[in-house]
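Take a look at this single chain in structure tokens; it is the form predicted on its own.
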């Protein structure tokens, strides 16, 4: 055999060997969230949480023998930027997206994913109308606002036993939806009266005009359904105006940053209505997850949302494994018809025909003298 022929043969054998031992192509799954901007604290915890689950899946052999790769898209907590991220996720060829924190951001993103027939699972978008439009590819691992609004009304009647209630929202899809749900159920209350109902503009710093008007109605409770950057300022300014009404926040209003903004002395005693904190979840999956999170980051997540993001990845991985497919049409059909009580970090996960998660669990927490949320 000629020398040059031997060289070619050796090269061909080497190429065939490398092909045979090449690493399997990863399954790329998007994570859309507020990595920067006013809600960056939530985005950071979501990234941390999803990466833990991705590492656990990959450590166990991946999905269909392929590793999971997380593709991060920063929507900055902005609806416009959310739409741009969604377009980028579609063009990047991810097989599904965990998207996003904030209903107003999720809404335009979900429309783009729907048009592109790309499975997307929200982890912090609770507005009722998101699943009332007949979307085929939209799901969520969190719960709807109407269930939280009903919980707040029950808290007012059965636990707080107060009569005069004020509600403030910020006109975002989520906050307005939760405020309307709470208002709807309060109007059925045999004892409570809604004495004030109005909205702020997100990003504002001076809330004294609306708080001064609210003060004239002498509320015993003020329920703010918006987000924590404004919540901390509203409470601080309310106390400076002599308003001593109990502050209750919706499930986006209170976290560690809220305490930092309002100050511990002011924040102490505030209540939040929300899904159970990660540290209060009784499931073995939750205990394993929290142990790993604390090992990596020194503390547990201070809100439920990042854990719902982690569960969204578990759902996507389970659907791909069960169906042997990464086709969003196949996966969406499976989530509605085949997935039953998947053991999640936040408990068993199933979806109804609308894409909403079955069931709902809410709790009230209060900020203690250490700035920690403890069961009320």
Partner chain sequence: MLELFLEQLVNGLTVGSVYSLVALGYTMVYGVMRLINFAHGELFMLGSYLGFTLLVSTSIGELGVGWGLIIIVLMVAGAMALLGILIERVAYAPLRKSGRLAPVVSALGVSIFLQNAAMLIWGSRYRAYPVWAALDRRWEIGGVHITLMQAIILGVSINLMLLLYCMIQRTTLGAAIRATAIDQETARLMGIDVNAIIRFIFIIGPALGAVAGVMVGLYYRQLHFTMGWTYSLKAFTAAIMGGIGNIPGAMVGGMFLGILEMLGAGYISAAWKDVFVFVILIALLILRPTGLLGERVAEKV
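Quick caveat, the model's predicted, so the values are computed rather than measured. Residue numbers count along the first chain shown, from 1.
Not pictured, yet referred to below: the form predicted in complex with the partner chain.
Look at 74 to 82, 87 to 95, 134 to 142, 262 to 270: in the predicted complex, residues with non-hydrogen atoms within 4.5 angstroms of the partner chain sit in 262 to 270. The partner is absent here, but in the predicted complex a heavy atom of 213, alone among 213, 296, 129, 161, sits within 4.5 Å of the partner chain.
This chain appears without its partner; in the predicted complex, the one residue of 237, 116, 279, 150 with a heavy atom within 4.5 Å of the partner chain is 237. Interface membership of residue 257, defined by any non-hydrogen atom within 4.5 Å of the partner chain in the predicted complex, is confirmed. Taking non-hydrogen atoms only, residue 228 approaches the partner chain to within 4.5 angstroms in the predicted complex. The closest heavy atom approach of residue 205 to the partner chain in the predicted complex falls within 4.5 Å. The partner chain in the predicted complex is approached by residue 171, whose closest heavy atom lies within 4.5 angstroms of it. Every residue in the set 199, 209 and 241 has a non-hydrogen atom no more than 4.5 Å from the partner chain in the predicted complex.
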